[in-house]
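Presented as structure tokens, the chain that follows is alone, the form predicted on its own.
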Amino acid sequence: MGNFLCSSSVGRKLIMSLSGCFLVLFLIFHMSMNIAAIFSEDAYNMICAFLGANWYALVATVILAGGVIVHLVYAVLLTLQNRKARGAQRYAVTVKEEGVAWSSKNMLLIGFIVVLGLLLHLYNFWYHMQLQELLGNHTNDFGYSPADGVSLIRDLFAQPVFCVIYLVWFAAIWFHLTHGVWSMFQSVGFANATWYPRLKLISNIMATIIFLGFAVVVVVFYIKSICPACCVA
């Protein structure tokens, strides 16, 4: 069984699909949590304090990190395998589009952009929040409580350069999801003329909801920074 999952093309695609599904569910959860900051900054900080360095949050963090690593490693393995067998095509697509979407031809590149954005995000937030709690610090480098996530959001997205970087990162996630979600289902057998357009539509809708959910937080807090009276939390 282990050899099947690690060595065979079908096994690798199954692991990619399962890890991808897990990461999509996390994105939906994280997006929902972030949106809370728009409506109630106190509520968002309560969520941050609830998660913090508690054992369940630490277990979830380790599982999430493992999911990201597994997904990235298997993405590289599948890409190299498929490029060797079929050129630059990542998956053996049984239903063809008229013209291949740019994202489907550049999933590995988009994936690395997503990972770079994730590393920056971990520094901006995880390093200054959960890690500081684990280290026993009552304040981070900015003088905030590690549970004061709203202050970090407010200060970060008052800077146009970070707003642009994060919006580009979210756009990369959108491209990744528009192809990744439907190909995830395709890898486990939903690959026919009936389900293909449905899965593409579901992928586009899901990717767009996630993109807008994250992006609206950046935009709202930037607007607050230049016009505090425009948005009242």
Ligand code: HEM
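Fair warning: this is a prediction, and the values are worked out from it, not measured in the lab. A residue's number is simply how far along the shown sequence it sits, counting from 1.
Same protein, other form: the form predicted in complex with protoporphyrin IX containing FE, not shown, and the subject of what follows.
**Q** Which single stretch, out of 141 to 149, 128 to 136, 108 to 116, 155 to 163, brings residue heavy atoms within 4.5 Å of protoporphyrin IX containing FE in the predicted complex?
**A** Of the options, only 108 to 116 has residues within 4.5 Å of the partner.
**Q** Would you confirm whether the three residues Gly20, Thr79 and Val181 all fall within 4.5 Å of protoporphyrin IX containing FE in the predicted complex, going by non-hydrogen atoms?
**A** Contact check passed for all of Gly20, Thr79 and Val181.
**Q** Under a 4.5 Å heavy atom criterion, is Ile35 part of the interface with protoporphyrin IX containing FE in the predicted complex?
**A** Heavy-atom contact with protoporphyrin IX containing FE at 4.5 Å: absent for Ile35.
**Q** Could you confirm whether Leu27 comes within 4.5 Å of protoporphyrin IX containing FE in the predicted complex, counting heavy atoms only?
**A** Residue-level check for Leu27: yes, a contact with protoporphyrin IX containing FE.
**Q** Whether Leu122 contacts protoporphyrin IX containing FE in the predicted complex should be assessed with a 4.5 Å heavy atom distance threshold; does it?
**A** No - in the predicted complex, heavy atoms of Leu122 and protoporphyrin IX containing FE never come within 4.5 Å of each other.
**Q** So in the predicted complex, does Met16 come within 4.5 Å of protoporphyrin IX containing FE, heavy atom to heavy atom?
**A** Within the cut-off, so yes.
**Q** At 4.5 Å, heavy atom to heavy atom, what parts of 159 to 179 sit next to protoporphyrin IX containing FE in the predicted complex? List them in sequence order, or say none.
**A** If the 4.5 Å heavy-atom criterion is applied to protoporphyrin IX containing FE in the predicted complex, 159 to 179 yields Ile173, His176, Leu177.
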